[in-house]
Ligand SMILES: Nc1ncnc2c1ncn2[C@@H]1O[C@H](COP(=O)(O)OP(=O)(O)O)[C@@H](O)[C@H]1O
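This document opens with one chain alone, in C-alpha cells, the form predicted on its own.
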C-alpha cells in the first residue's frame, strides 16, 4: 500500500486540525485564568496564617475584619474565575463538535456505505473528545503545571516542607504512569466490546418483529450478553486496577498531610516556623498534590480521549479529502457501461464480471435475473454507491465519479431494494431532507402516485414518521421512497425492485409512473423479479452470476422470457418460468 505524502496526509486530517485550532484560540486566555485562579488559591493559607499568627496573638477584632474581607474577597474572585474558565471550555467544546462532526460525517458519506458501516462508533468518539475538552480532567491537567509554584512556596516556608512535597509529587506521578500502563489495554478492549454490544442491540431493534415472531428472544439476548459480558469483564479489570491505584493515591496524600503537621510541630519546637505556618503548610501541600490526584482519578477520561482521537485520525487518513469538483452540464442521461467489474466494499470477490451495455437518453432498461445474479450490485454501481474495480459507468460521456456531490441530486433518483426513510415529516423525506419548495414535493408525490395516500395520513405531508419509516406499511414506505427518487425529475432514475412490497393499486401506480418517465424523456433503470413490469421498458438486460446473458430490445427479449421453450438452454436457469403472479422464479 502506497504511503501518503505529508501534504496529502495534512489535507486529509484538515478537519481535525481546524477543530483543534479553533480550540487552541482560547488556550491563552484559559491559561491566564488558570494562573490567576491558582494564585488566588494562596488566599486561604495566607488567611489562616494571619488568623493564627496575628489575630490570635494580638486579639484584634479589627485586624480579623480586615483580613477576613481580603480573604473572602479573594475566594469570591477565585470562584468567578473558575466559573469563567469552565464556561469558556464548555462553549468552545461545543464549537469543536460543530466544526468537526459535520465534516467527518460528510467525509464518511462520500466514502460509501462500507466505510460508514465499519466506523459507526466514530461519531460517538467525537462526543467523547468534546466531553473531555469541557470536562474536569482537562481542568486538572491545566492546574497541574502550577504545582511547582506551591512547592516553591513550601520551600520558602522551610526546605523540609518543600522536600516532603517533592517526594509526594514524585510518588503520585509514578502512580499516574502506573495507572496508564495497567489500564490502557483493558479500557481499549472494553470500548471495542461495548461498541460491538451496542451494534448488536441496534440490529435486534431493527429486526424486532422477526425476533419476536420466530421466538429468537433467547438466542438474540445470549448473543448480546456474550459481547456485553466481555465488555464488563475488561472494564471491571481496568476499573479494579485503577481503583487500587486511586486508593493508594488517596492514602499517600492523607499520610503526607498528616506528616506535614507532625513535621511542622518539630519545626515549631525548633523555632524554625510559627504555629500558623503548620496550617498554611498543610493547606499548600494538599493543594500542590490535588491536581495530580485528580488526574489519576480522571485517567480513564484521558485514555478514552486519546483512543477516540486515534480512531478519528485513522478514519480521516484513510479517506481522500473532499474536493468541490467541477460542475458539468446537466446530463441528458445517455448511459454507457463498459467491462464493469465490481466487488462489495472491502470484499475481494467480483459480483459483476465484465458487464457492458448502452442505452440512449430517455430510454428505459429492465434488469432481471435470479437472486444473487448481481442486479442490486449493478444498480449501486450505476449511481456511484459502489466503486468499480475496473471498467466504467459513463453518463453523457462523463464517468459517474466526475460529478460533484452537489450535482448528484440533479443527476440521480435512486430507490434501493431495502427502503429506508428518515425520522421527520413525509415532506422532508420526499424532498431529500431539504423541503424548500412545497410544489416540488407535491409534483414528486403525484408522479409517484402517492399524493392521495399522503393526504389520507393524519397530517398529510406534515405527518411525522419514525426512523426507517416507522408508522407506515412496507408498501407505503416504498411509494414515499419512489417519490423521493423522482423529486425534481433527475436525469437518470434507478429503481431496485420498486414493486416488491406493492399491492395491485401500487403496481398500477408504478406502471403509470414508468410510462410518465418515458414520456418525459427520463432514463430509467429498473430491476425486478416480476416480468409483467417489463412491458414498460425499452430494453432488457438478463444477468446470471454477475455476467450478461441476454441484452436487447424489449420486443426481442421479452418473448424469450415469456416462452421458456423458445429460450436457449443456457438462459433457462436464469429466468426460469413464470409463476401465476408473473414472477420469474
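Residue numbers count along the first chain shown, from 1. Worth saying up front: this structure is predicted, and the values here are computed from it rather than measured.
The form predicted together with this ligand exists for this protein as well; it is not shown, and the discussion that follows is about that form.
Contact with this ligand in the predicted complex holds for none of 140, 173 and 247, as no heavy atom of theirs lies within 4.5 Å. Between the options 506, 374, 276, 388, the residue in contact with this ligand in the predicted complex by a heavy atom within 4.5 angstroms is 374. Listed residues 267, 133, 485, 351 were compared with this ligand in the predicted complex; 351 is the one with a heavy atom within 4.5 Å. Residues of just one listed stretch (227 to 235, 427 to 435, 486 to 494, 364 to 372) have heavy atoms within 4.5 Å of this ligand in the predicted complex: 364 to 372. A residue is said to contact a partner when one of its heavy atoms sits within 4.5 Å of a partner heavy atom; residue 423 fails this definition for this ligand in the predicted complex, lying far away. Heavy atoms of residue 344 reach within 4.5 Å of this ligand in the predicted complex, making it an interface residue. Although the partner is absent from this view, residue 239 stays clear of this ligand in the predicted complex, with no non-hydrogen atom inside 4.5 angstroms.
In the predicted complex, this ligand lies farther than 4.5 Å from every heavy atom of residue 200. Contacts between stretch 417 to 436 and this ligand, counted in the predicted complex as any heavy atom lying within 4.5 Å, involve 417 alone.
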